[in-house]
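Next up: a single chain in C-alpha cells, the form predicted on its own.
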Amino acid sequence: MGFEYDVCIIGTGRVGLPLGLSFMDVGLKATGVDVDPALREAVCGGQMPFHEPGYDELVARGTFQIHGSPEICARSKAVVVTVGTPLHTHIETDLRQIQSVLEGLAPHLRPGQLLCLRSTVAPGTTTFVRKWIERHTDLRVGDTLGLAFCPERIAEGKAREELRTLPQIVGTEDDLSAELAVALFAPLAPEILPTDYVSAELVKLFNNIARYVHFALANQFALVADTFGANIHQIRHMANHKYPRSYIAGPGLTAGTCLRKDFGMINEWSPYPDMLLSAWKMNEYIPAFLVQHLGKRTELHDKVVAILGYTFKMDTDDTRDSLAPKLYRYVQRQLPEAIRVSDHHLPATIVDDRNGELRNWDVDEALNGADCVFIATNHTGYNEALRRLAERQPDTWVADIWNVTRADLMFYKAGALLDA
C-alpha cells in the first residue's frame, strides 16, 4: 500500500507550519498534526495563527490541513517532528516533548517511512531517538525506517525566503535514511549538505550560539562605554567604518527561543565556566543595566514609565523568551506611579504568566505624559513615535539601546532628537 501524503509535520507552530506550507508550495502533498485546537481551527479555516510574511495566501487555499491525532502519520511517506525542545530549570535538556511525540507516533510508523527531527536538539538526541524506536517498535533504522536530523536555520519573519535559499543540512548514518531525507528536501532547498547525526546537531547549535556570543560582546561594549560616559553607537560606527577585520554588532535585548537556551545544550556536558555561560550572564543582565543606568540620570520612583515593545524580536508577535517582561519587573521594583506597555504586534490585553494581564496601550497614549521610556524591542514605527514625543515632551528621558531613531543616542532626553 502506498502513501497518501509526501510529508506530515508534527508540531505546526512557528517552525513546522512554514515548513509544511513551503513543502506544499513546491508541489508536495503535506499535512500536519498539532495538539493546539485553536491553531488547528485557524489553519484549517484558512487563517495564519501568527505573523509570518508570505504565507497568508497559501493558508487561505485550505489545502494544508492539521489533525489532532498522529494516526494521519501512517499515511505519509515522511514524518517531520518540529516540537519544542526546551531546557529544564537547571542546565539540562528536556526531552519530554520529543518522547511524548514518539510514544504517540510509534503505533503509526510503517516500513519505508522517513522520520526526521527538525527542532534544535542537544548532541546525541537523534541517537536517543534511534535507540528508542528500536526498543519500542519492530522497525530498524537503515533497514525498514529512515531517520535523519535536518535542522531548520531560518530567521523568524524570513521563513518563506530562507527555506528556499539556505542550504539544508541532512544528518543521517545509513544509506536508506540519506536517500529518503535528500529526496524530501531536494525540491525545497537549493543545496543539500550531508553529514552524520551529531555534526548536524552541532551545526545548528554553533550557528545560534555564535550569534548569542556575538551579541553578548556587543552588550558588554555598551555597558563599558556608558560606564565611561561614552556613546556606544558612535563608537561602533567608527570602529566598523571601512575596517576589514571585525564587525561590532549593535547592542540590544538578546533573547528568544532560538538563542537563549541553546548554549545550555552544550554546557550540560561541561562543569567548567566558559565564554558561553558568560555570554548568557551578560545578555540576561541587560534589562537590569538599562534600569540602573537610566536611574543614574533620572528618578523612576513615582514616575510614569512607558515600555515600547514586548516581543523578543523586531516586527514579530512572538513573546517566547523575550527579555521585555524581565525589564518590566526591574522597572516595577523602582515603584513607579505607572508602567505602560505598548506593542502594536500584540492584542489589546497582553497575557503574561509572571506579570499578569497587561493593558496594551496605543504607542502615543503610552508616551503621553510619560516621564521615562524604555525601548524594549526595535519595532518599526518607534522612530516616528519618539520624534513625535520630542516635539511634545522634550524633557522625557529615553533608554534606546536599539538606536531605533538612528540618532546614535542610548540614554537621552527626547528633545535631543530635535537636533539629531
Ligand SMILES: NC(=O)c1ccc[n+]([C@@H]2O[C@H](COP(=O)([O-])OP(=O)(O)OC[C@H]3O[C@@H](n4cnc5c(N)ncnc54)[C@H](O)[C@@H]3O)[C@@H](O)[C@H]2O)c1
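Not measured: the values here are computed from a predicted model. For every residue, the number given is its place in the sequence shown, counted from 1.
The same protein has a further form, the form predicted together with this ligand, not shown here; the description that follows concerns it.
Asks: Should I10 be counted as a contact of this ligand in the predicted bound form, where contact means heavy atoms within 4.5 Å?
Replies: Because a heavy atom of I10 falls inside 4.5 Å of this ligand in the predicted bound form, the answer is yes.
Asks: In the predicted bound form, is there a heavy atom of this ligand that lies within 4.5 Å of any heavy atom of Q97, even though the partner is absent here?
Replies: Q97 belongs to the contact set for this ligand.
Asks: So, in the predicted bound form, is E156 in contact with this ligand at a 4.5 angstroms heavy atom limit?
Replies: It does: once this ligand is placed as it appears in the predicted bound form, E156 has a heavy atom within 4.5 Å of it.
Asks: Is K261 part of the interface with this ligand in the predicted bound form - any heavy atom within 4.5 Å?
Replies: Close contact exists here: in the predicted bound form, K261 approaches this ligand to within 4.5 Å, heavy atoms only.
Asks: Sort through H345, R236, K77, K204 and report the residue having a heavy atom within 4.5 Å of this ligand in the predicted bound form.
Replies: Selected option: K204.
Asks: Find the only residue in C44, V35, L28, M48 having a heavy atom within 4.5 Å of this ligand in the predicted bound form.
Replies: Exactly one residue meets the criterion: V35.
Asks: In the predicted bound form, which of 253 to 261, 180 to 188, 280 to 288, 220 to 228 comes within 4.5 Å of this ligand (heavy atoms)?
Replies: This holds for exactly one stretch, 253 to 261.
Asks: Since the partner is left out here, which residues of 69 to 88 would have a heavy atom within 4.5 Å of this ligand in the predicted bound form?
Replies: Read in sequence order, the residues that approach this ligand (within 4.5 Å, in the predicted bound form) are T82, V83, G84, T85.
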